[in-house]
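Single chain ahead, by itself, as structure tokens, in the form predicted on its own.
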Amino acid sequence: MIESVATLGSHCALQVLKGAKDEGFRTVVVTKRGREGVYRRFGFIDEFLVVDEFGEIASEEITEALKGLRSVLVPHGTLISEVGIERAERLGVPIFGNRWLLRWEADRELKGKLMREAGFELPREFSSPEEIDRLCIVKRHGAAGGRGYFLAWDKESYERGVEELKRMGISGKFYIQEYVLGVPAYLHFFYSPLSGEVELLGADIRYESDVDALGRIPAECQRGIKPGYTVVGNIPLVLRESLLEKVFELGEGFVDASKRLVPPGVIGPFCIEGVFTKEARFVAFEFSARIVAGTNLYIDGSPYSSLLFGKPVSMGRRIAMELRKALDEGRIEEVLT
């Protein structure tokens, strides 16, 4: 029987644990030593498991502690970036959502396969820098929060960007994707296996350093500036209402595709990330198969969650509501892996 909700002390832990407390669960944070002071400031966190590195969540000591607390773990981006897919898949505690889908988020080839299966319009991909014939964005694999992304428009600019990252201590495999001009939109969805419904709970725009600072610098002074894409915060976005039909089609297409390719499919929160072009087409360049940090904007609810529930419902609370309903109906195995 699940009695508590646990998560890593990072990313969106506060809204996850506040939502769990609002639904009557005990709350557990696994936090790095030195960071626990932040979480002790909030009275809705009941238990603190302090580690030196987040990877220790896979250790026998922490796993047994979570089992003793009868916890379910809510995954977020830090689980992917700092614990890793291999250890996340082997964690000996129940996870809310489909833990197998996290690998498809982190692997660019699997990610593209699922997005094509969902019927999304995608930017062109380039398998080597020699193929680059237009403005592209070069990305690292995994959940890096935009750190290490750069623009390239030919082989030479790509190689310069890679060399600069190496000097910063950033290396690894890179992914080259056409840069599609449009308004960025990060669409927050929740799929309930209990009701079979896809819910839109919010949308945001990421605020990235220092590409979003360029607008404050006159064009003649921008020469030589190489913008970065590290996410430092999020800006709320309310979509034009005529776009919502397309948005729901995107969410439903993703749910159906995930069921076919990664059974049992997506469970709970996910995010589809892309841009709306001037023709109002949505070109998708990413998805996240778990809660995203942009939902932190809506701890007191979003316009969409207000329309659905008539009360403040964050994504964190929506997760807890699903857990509570599953427990009450004896269907908890349908929302855990």
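Just count from 1 along the sequence shown to find any residue number. Predicted model, so just to flag it, every value in this text is computed and none were measured. We call the rigid core whatever largest set of C-alpha positions still superposes within 1.5 Å between the two forms.
The same protein also has a form predicted together with a small molecule, omitted here; what follows describes it.
Asks: Sort through 37-45, 61-69, 283-291, 296-304 and report the only stretch with a non-hydrogen atom within 4.5 Å of the small molecule in the predicted complex.
Replies: Partner-contacting stretch among the options: 283-291.
Asks: Hey, in the predicted complex, does Tyr229 get a heavy atom within 4.5 angstroms of the small molecule?
Replies: Contact with the small molecule, yes.
Asks: Is Pro129 close enough to the small molecule in the predicted complex to count, meaning some heavy atom within 4.5 Å?
Replies: No, Pro129 sits far enough from the small molecule in the predicted complex that none of its heavy atoms falls within 4.5 Å.
Asks: Can Tyr179 be called a contact residue for the small molecule in the predicted complex at 4.5 Å between heavy atoms?
Replies: Yes, Tyr179 is a contact residue.
Asks: Should Tyr158 be counted as a contact of the small molecule in the predicted complex, where contact means heavy atoms within 4.5 Å?
Replies: Outside the cut-off, so no.
Asks: Between Gly112, Gly233, Gly84, Pro123, only one gets a heavy atom within 4.5 angstroms of the small molecule in the predicted complex; which residue is that?
Replies: Result of the distance check: Pro123.
Asks: Under a 4.5 angstroms heavy atom criterion, identify the one residue in Val262, Ile137, Leu237, Ala88 near the small molecule in the predicted complex.
Replies: Looking at Val262, Ile137, Leu237, Ala88 one by one, just Ile137 meets the 4.5 Å heavy-atom criterion.
Asks: Report yes if all three of Tyr191, Phe270 and Lys325 come within 4.5 Å of the small molecule in the predicted complex by some heavy atom, otherwise no.
Replies: No, because Tyr191, Phe270 and Lys325 lack any heavy atom that approaches the small molecule to within 4.5 Å in the predicted complex.
Asks: Superpose the two forms on their rigid core, then report whether the C-alpha of Arg260 is displaced by 2 angstroms or more between this form and the one not shown.
Replies: Stays below the 2 Å threshold, so no.
Asks: With both forms fit on the core, is the shift of the CA atom of Arg90 between this form and the one not shown 2 Å or larger?
Replies: After core superposition, the C-alpha of Arg90 moves less than 2 Å between this form and the one not shown.
Asks: How about Gly233 - superposed on the rigid core, does its CA move between this form and the one not shown by 2 Å or more?
Replies: No, the C-alpha moves less than 2 Å.
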